[in-house]
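Next up: a single chain in structure tokens, the form predicted on its own.
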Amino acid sequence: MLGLRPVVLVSMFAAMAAATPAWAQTAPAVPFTVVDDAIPQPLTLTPGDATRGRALALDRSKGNCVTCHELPLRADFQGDLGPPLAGVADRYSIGELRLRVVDSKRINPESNMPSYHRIDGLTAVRSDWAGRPILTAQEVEDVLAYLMTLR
């Protein structure tokens, strides 16, 4: 293969990955099955991490839950467009929350909440987000792990 040594090839691939915009490196959406207003099965084999999920909930460029929801924590700004998330784990099962994060429009087609992991059938999507989910499957599970701490 071009007479390049393995070390050179690894370096080339690493440089190409580093040069690829972060949005292009996002993993594709994984398939999911909805059962009775819930997605009962996790999207990944790796359990979610509540610490990473909390960071995503506050990250204005990714999960951004705090823009529309009040969370039981300190933040520079908390929205009130969506319902408060304090006690959300007492109100919904993890499968019900998974559906709300993955595809909130299935619960309420008029919802302002984005579908964080669905990519098909969406309209008016910014070109830099077209064809890719806002959250990876692991990030969805991380956010859910955090939400399940909110009792």
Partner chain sequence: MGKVAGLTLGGAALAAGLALAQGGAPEPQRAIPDPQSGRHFATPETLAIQDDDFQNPAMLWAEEGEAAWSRVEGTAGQSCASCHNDGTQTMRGVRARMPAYHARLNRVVTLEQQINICRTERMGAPALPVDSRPLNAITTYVALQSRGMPVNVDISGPARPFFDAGERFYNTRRGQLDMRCGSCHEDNYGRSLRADLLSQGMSNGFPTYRLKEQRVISLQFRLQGCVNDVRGEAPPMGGEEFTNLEFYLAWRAQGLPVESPSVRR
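Positions refer to the first chain, counted from 1. Because the structure is predicted, anything quoted here is derived from the model rather than measured.
The form predicted in complex with the partner chain is left out here; the points below concern that form.
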* Pick from 46 to 54, 102 to 110, 30 to 38, 86 to 94: which stretch has a heavy atom within 4.5 Å of the partner chain in the model of the complex? -> 102 to 110
* Look up in the model of the complex whether residue 134 has a non-hydrogen atom within 4.5 angstroms of the partner chain, and give yes or no. => yes
* Asked: Does at least one non-hydrogen atom of residue 114 fall within 4.5 angstroms of the partner chain in the model of the complex?
  -> yes
* Is there a heavy atom of residue 79 lying 4.5 Å or less from a heavy atom of the partner chain in the model of the complex? -> yes
* Asked: Relative to the partner chain in the model of the complex, which residues of 57 to 78 have a heavy atom no more than 4.5 Å away?
  -> 58, 60, 61, 62, 64, 66, 67, 68, 77, 78
